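A single chain, nothing else alongside it, follows as structure tokens in the form predicted alone.
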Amino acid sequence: METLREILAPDFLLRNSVYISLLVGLTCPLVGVYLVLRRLVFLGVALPQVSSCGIAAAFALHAWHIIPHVEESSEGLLAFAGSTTLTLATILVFAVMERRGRGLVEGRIGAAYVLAGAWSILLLVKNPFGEHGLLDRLKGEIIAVPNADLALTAGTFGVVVVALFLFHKEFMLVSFDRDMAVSLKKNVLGWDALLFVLIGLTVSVSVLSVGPMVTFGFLLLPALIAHLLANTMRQFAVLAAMVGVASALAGFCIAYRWDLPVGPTDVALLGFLYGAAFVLKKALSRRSAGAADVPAV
């Protein structure tokens, strides 16, 4: 409890890191709900890697003088532009190919993941900016977060959360029952495009803030935990967000108390919670089955 009071104090040195963790813990699970509903779990793995490749590509173009010189203070905006551009372009290609029904979805996503990983490394090897904070940015060191990065993350995530709240019914309909959406004459393509844009923005900003591994963890693990325990769609989304925020706060406390890296601690804690939720679900299912087998007196 003392640790919690210390990190929540207004004068806490790493308060921006706490805020970033909580923002990612809230927003990524809300987006991850739709990845689980649409059975695009592998996309949650590939997109953070694609976003990282976009960051590496932006800095490489800058090093090759294809992009005009930017000040050190503007490197965050350069990384954001590269990450967002490549992530949104990749999602657009996936959406078009999925709509045309060509090839295996898992195959395309797997190819995107491995190619993005390879090109990220190749672009960094010959990049003089690679040693100037870029590797730390890709690793997602949640230590010193500038006010500008916090403002960018909060503003982007605010737009995403508001849009998810306002268009919750439409997004759920096109994700859970696409045929019903078509029969109701909904603009399925338009809603899909908007949802994919929100997913792309969330992934790109999260990768900039906490790195690809932590982004993937918060995209999928809270949604999978909520999927085990929720009975309705509303419970699914709310529970996923609650798990994400609670895990982000608890993970930061544990990491700060025991001098551990924050990102891996968060993911490890989510993994523990997922295992506990799975055991609880099995126990409840067996209890319900046992109660049903008891003959009425």
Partner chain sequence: MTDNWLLSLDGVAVGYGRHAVLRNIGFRLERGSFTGLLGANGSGKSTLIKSIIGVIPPLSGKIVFTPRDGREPVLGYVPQREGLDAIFLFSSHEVVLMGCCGRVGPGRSYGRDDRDWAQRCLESAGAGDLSGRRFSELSGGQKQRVLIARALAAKPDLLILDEPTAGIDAAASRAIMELLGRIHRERQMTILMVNHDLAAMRKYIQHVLWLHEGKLTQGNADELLTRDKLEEMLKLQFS
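Residue numbers count along the first chain shown, from 1. Quantities reported herein were computed from a predicted structural model and do not represent experimental measurements.
Heads up, the form predicted in complex with the partner chain isn't pictured, but that's what we're talking about next.
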Tell me, yes or no, whether L150 is in contact with the partner chain in the predicted bound form, where a contact means a heavy atom of each within 4.5 Å. no
Y256: heavy atom within 4.5 Å of the partner chain in the predicted bound form? no
So in the predicted bound form, does any heavy atom of T84 sit within 4.5 Å of the partner chain? no
Is there any non-hydrogen atom of V114 lying within 4.5 Å of the partner chain in the predicted bound form? no
Contact residue in the predicted bound form, chosen from L173, A89, A154, L77 - any heavy atom within 4.5 Å of the partner chain: L173
Identify whether the partner chain in the predicted bound form is within 4.5 Å of every residue in the set F167, D179 and F236, based on non-hydrogen atoms. yes
Note: the partner chain not shown here; in the predicted bound form, the stretch from 31-39, 260-268, 55-63, 242-250 having heavy atoms within 4.5 Å of it is 31-39
Suppose contact means any heavy atom within 4.5 Å; which members of 212-235 contact the partner chain in the predicted bound form? H227, A230, N231, T232, M233
